[in-house]
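Below sits a lone chain in structure tokens, taken as the form predicted alone.
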């Protein structure tokens, strides 16, 4: 590491001070545009129905109301969607979920719009609704064809297995519960132009779909993303709808229109993480090695396709998690239901897939009386031939055994296990347990075309720099990392680099900030732009030092120097001289991830660029009288390569793990029998709070783990830690079993493992 580089060192989040002082500007806090109006969405209110009549005249004539828009008022195309255009901007002849927008009211204030909404009248003929995975399977209500991955003769392998475990698992939905709800501001510009401010992970898709809805070319629309107050995948595709609604409202009245959802509206109108239902059969030999794994998994896709095919694929790709499976058959299908369209969420199907094999291993260990940790370690990927994923991609350098070994020592597992055994023997009502969870997570967009990024870097005459890239900042620290990358590439102080808000007017055709690839893609694009600038500035600096222009130079310490350090000139002086010599101080950069391919028909290919690994030991205490549990201590060792900014990565590991705990233990999304979402806020939907965090949370980043093909040798960190929370389920299962002490007996635990669910599991074992 060079002594003056900011790379691989801890830094504060570039917006941290703004966040805590209230200085950060989000879409809803941007300076009000002149004559701006407010938009309010009117939802349909029924899960499935035929629209017979809508009466809007009284609402239109209400005080302070500019317009009431229906599907027939959309100037361009009325259907949007990230893959298939199957999602109406406003419901037309048919309503397909209870929170579906059916009208947009635009007025002077939110209060005026709400009053007008009460004056609207709807006549909707209710139709039968499909509201569960089971119902969709029975009705054969699916999107598309099955996705199948297979290897070997799984039936024969299951038949010959020493122990055969069968099971089914439902993994629950999860609301994104970002701090900032969905928001958009549409500004009409001169000459038919549009500026859209959107809280979106995908500004190019917003640009594209707004242009489609308005019936104009994409060149007339610029989408800007200032920052987001959280997203977690919920703003990858679903933010576009609200930008389109704001835009059609603004087009109708010729004034800016802002749309921001309340928490209740957001939770009713937007889709959560996909619930999955899976059945499986697993075969093990007498040594506990997995011989065969057969899985059928179903994802509830909701009413429209959204990103469900890619999410289902990633679930199938992660049914193996960290374990080599010689013989397998994985089949997945997407169910069409009359519910909000489920969408991307941290892990993007990976958690739902991993949970299945972890359930199979837990059941095998419980049935045979084995230590589940030893079963997991025994089945790790390793050297050939145990190095091929189900889709036949080679798993290079699996760091799983090393992570387990080092983490076991760090976490003092042997002594703590003995302490827990003594505690449980003397405790009647509270039982403790310690469990290990490994993670192997593939990094890249599985859609090859999305693995690209652009950047635009400006050097000003005073030596300061502006960076534009295609990634969006949602609190995860991407802009901080990109600031560090640029400062390192040009050898200048961190404070001399400013990362600008994301704009399709600066960087076109951006890829969504998702798949944990924001740093990988945009960092390489910025490095490419900076390399072009160094190539231009080098000859200028050489001339200033009286050296040959082809001599290698060092950009470091805010200076450009000869490699022997005998001569150097300040960076800002070189920038000024370059301007005087009419040398361009602006450069674009571009990067495309190599080697990504997958044949969905064959179920084979290389959908990932590399893999990130991690491990966690999780200790819980479970009260058998109330079903409440506490996380006593969590030890995590995570592979982030050579971290670009360790302080940012540690924060991502902490947050990802705890969000995973929420999904698995307390976040229960409930819907009424008629398809309405019931849990519409923190009073009814419980996300983890400070008191739910582990009493001790010890995180270490794996050393000697650089990835040679990535920016700065780093690895993705946004999603992989989420799945370490699966260890909480294993620990809770062990704690449940400790109440009766029976071996060779499986635990029946429904997810999420709420206190009620845990009590049922304890009572079921008690008979």
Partner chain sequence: MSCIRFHLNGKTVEESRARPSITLLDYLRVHLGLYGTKEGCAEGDCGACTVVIGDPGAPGGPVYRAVNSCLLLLGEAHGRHVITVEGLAEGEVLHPVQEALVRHGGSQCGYCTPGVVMSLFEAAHRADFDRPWKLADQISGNLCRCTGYGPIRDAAKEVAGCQPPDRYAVLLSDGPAGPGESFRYTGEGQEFVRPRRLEDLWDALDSDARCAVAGGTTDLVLDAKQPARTIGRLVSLSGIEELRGVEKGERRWSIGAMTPLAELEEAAEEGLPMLASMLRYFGSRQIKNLGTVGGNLCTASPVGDLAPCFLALGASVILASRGGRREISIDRFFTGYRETALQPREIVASVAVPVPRENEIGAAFKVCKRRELDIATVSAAFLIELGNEGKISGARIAFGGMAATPSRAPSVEATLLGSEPSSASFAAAAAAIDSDFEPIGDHRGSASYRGALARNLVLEFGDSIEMRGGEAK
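Residue numbers count along the first chain shown, from 1. None of these values were measured; they are calculated from a predicted model.
Below: the form predicted together with the partner chain, not depicted.
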task = Using a 4.5 Å heavy atom cut-off, state whether residue 690 contacts the partner chain in the predicted bound form.
result = yes
query = Though only this chain appears here, would residue 759 touch the partner chain in the predicted bound form if you measure heavy atom gaps against 4.5 Å?
reply = yes
query = If you check in the predicted bound form, is residue 749 within 4.5 Å of the partner chain, heavy atoms only?
reply = no
ask   = With the partner left out of view, is residue 28 within 4.5 angstroms of the partner chain in the predicted bound form by any non-hydrogen atom?
value = yes
Option touching the partner chain, based on a heavy atom within 4.5 Å in the predicted bound form, out of 554, 678, 156, 83 = 678
request  = Let me know the one among 230, 101, 398, 605 whose heavy atoms come within 4.5 Å of the partner chain in the predicted bound form, would you?
outcome  = 230
message = Quick check for you: of 432 to 440, 370 to 378, 650 to 658, 419 to 427, which stretch puts a non-hydrogen atom within 4.5 Å of the partner chain in the predicted bound form?
response = 650 to 658
query = Counting only heavy atoms, which residues in 4 to 23 are within 4.5 Å of the partner chain in the predicted bound form?
reply = 12, 13, 16, 17, 19, 20, 21, 22
message = If the C-alpha spacing of residue 34 and residue 255 moves by 3 Å or more in the predicted bound form, is that a move closer or farther apart?
response = farther
